[in-house]
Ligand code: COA
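Heads up, the chain below is alone and in the form predicted on its own; it's given as structure tokens.
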């Protein structure tokens, strides 16, 4: 994943809310998803497309990573969305409610068409895939292998639990297996696993608890729905001082051991072999990416 961008926090911004679109570029999200789907009523879709397009071409998001969440293919609105919002500077699109590789191939065709209209080279735009049904989850590996544009895979928890015939709980047992499968699938194809939103933006402790679980499951970042969620999410997905100290000790000791012809060593009473060394190196690389540590 070193060649891929990495997002700790991804903020959803309703495409029909001009004030929020104006404020978003000042916020500490690693990426933004300007939303044309669930947060926008049907009668406001056209206006949202216009506002999102204007925000993109104005240069307000210059230097920031921006995707647009288009409406799902079954809505019949995807092409209209892409026609308006695919402009130079757009990083990619988030595609919700994907259920099959055929969906992905249809998106690929629409993106190539939209890139041509915008005079962008074919393949410019990246794709984030949202899985929101049991059918989509069971086909997740085939879905993510259907496009070379893929940058992330995520689970839409609210729609998923509805389609599962249950509801989302505060403890999240109903989402543990789906989350784990999303993370495993993303890691298998070397794209980012982005965790679903935490809906109560007035509960930072719950957000932190859920984000820590997501990181432990293998997620690289998490979606946010409110600016106050960004700092806690960034903090959880950034290596802390203790992790950095351990990683530095491991790398230095293992490198020295390799020079001495040793394959494994002990650091702080714990055995260190190649996988642990590689994980420590990865921790230092992530810290450097976010400007923390040495």
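Numbering follows the first chain given and starts at 1. Since the structure is predicted, the reported quantities are computational estimates derived from the model, not experimental observations.
What comes next is about the form predicted together with the ligand, which is not displayed.
Though the ligand is absent from this view, in the predicted bound form it lies within 4.5 Å of a heavy atom of just one residue from 176, 201, 113, 162, which is 201. Contact with the ligand in the predicted bound form, defined as a heavy atom within 4.5 Å, holds for exactly one of 235, 226, 50, 245, namely 226. Exactly one of the stretches 50-58, 265-273, 250-258, 31-39 approaches the ligand in the predicted bound form with heavy atoms within 4.5 Å, and it is 31-39. Every residue of the trio 13, 20 and 69 has some heavy atom no more than 4.5 Å from the ligand in the predicted bound form. Contact check for residue 197: a non-hydrogen atom falls within 4.5 Å of the ligand in the predicted bound form. Interface residue remark: residue 46 is not counted as part of the site for the ligand in the predicted bound form, having no heavy atom within 4.5 Å.
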